[in-house]
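A lone chain, given as structure tokens: the form predicted alone.
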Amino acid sequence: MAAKHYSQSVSAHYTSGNLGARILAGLRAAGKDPDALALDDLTPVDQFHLGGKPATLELIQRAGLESGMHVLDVGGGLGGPARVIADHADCTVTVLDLSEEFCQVGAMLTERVGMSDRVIFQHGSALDMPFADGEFDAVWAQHSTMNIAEKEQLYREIHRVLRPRGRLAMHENMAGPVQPIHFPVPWARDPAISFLRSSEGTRKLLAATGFREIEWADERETIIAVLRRQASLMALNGPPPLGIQLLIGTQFPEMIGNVARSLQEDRLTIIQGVFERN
């Protein structure tokens, strides 16, 4: 797939049009005032990853993020994790995302919760980052690399923009021993834009790129339990007015069901990892 077509296909997957208006309508339907929002009011829609906000908080602790750090959130979407990082770890966060709509809506939501001075958005590619060498104290990647085939280039770019001994914090989907996964899933409706690597292959690649592993945790069983609880709630109450379906469309229940099935069949696993730049 040519690079231009590849990036356009990924961007198109996450671009639906009128996303900001739908989220504001969802907030009103959920009983929230869009003109007087608290950070947690956005949690049902801006934590676009398995495990939700608890998984973000867990990774903040594992990564050892500290006050005053400048963090790059690669593929940070609407900025949900970035705002949590800024709030809980007192960091400044730059979100880099391929979807222009996600960047625009993320900036709007960030302004509405009064955090524009700590979280900013940059439209661009993780394979050619518009940042200087050693610009960041930490790089964050939470369910954001599944659509990137060129992982060698991705990790080289992350290594480049990190300061020496800066940290890479990951919470990602990895290919299990049984393949393929079931489609559609939230990051891809078919295999054309889904590029998962195995845990073993990813760890070897990161080591070869110049990263030292600090922690690697398999979260598969934890996420299976979370998805079972969510499925039970959905069966009882139906979809909430404010949820991830606003981002990804009406196929979302089928997509998340395929994620659960792939996890249960060892086609997919979920990891949290922390690495230090040599």
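One-based numbering along the sequence shown. Since the structure is predicted, the reported quantities are computational estimates derived from the model, not experimental observations.
From this point on, the text means the form predicted together with a small molecule, which you will not see here.
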Partner-free chain; cross-checking the small molecule in the predicted complex, the single residue of Leu98, Cys91, Val185, Met108 with a heavy atom within 4.5 Å is Leu98
The small molecule in the predicted complex: within 4.5 Å of a heavy atom of each of Gly176, Ile181 and Thr269? no
Indicate whether the small molecule has at least one heavy atom within 4.5 Å of a heavy atom of Gln245 in the predicted complex. no
In the predicted complex, Arg112 touching the small molecule (heavy atom, 4.5 Å): no
With a 4.5 Å heavy atom cut-off, would you call Phe211 a contact of the small molecule in the predicted complex? no
Within a 4.5 Å heavy atom cut-off, is Val259 in contact with the small molecule in the predicted complex? no
Heavy atom contact within 4.5 Å of the small molecule in the predicted complex, the stretch among 28-36, 235-243, 217-225, 47-55: 47-55
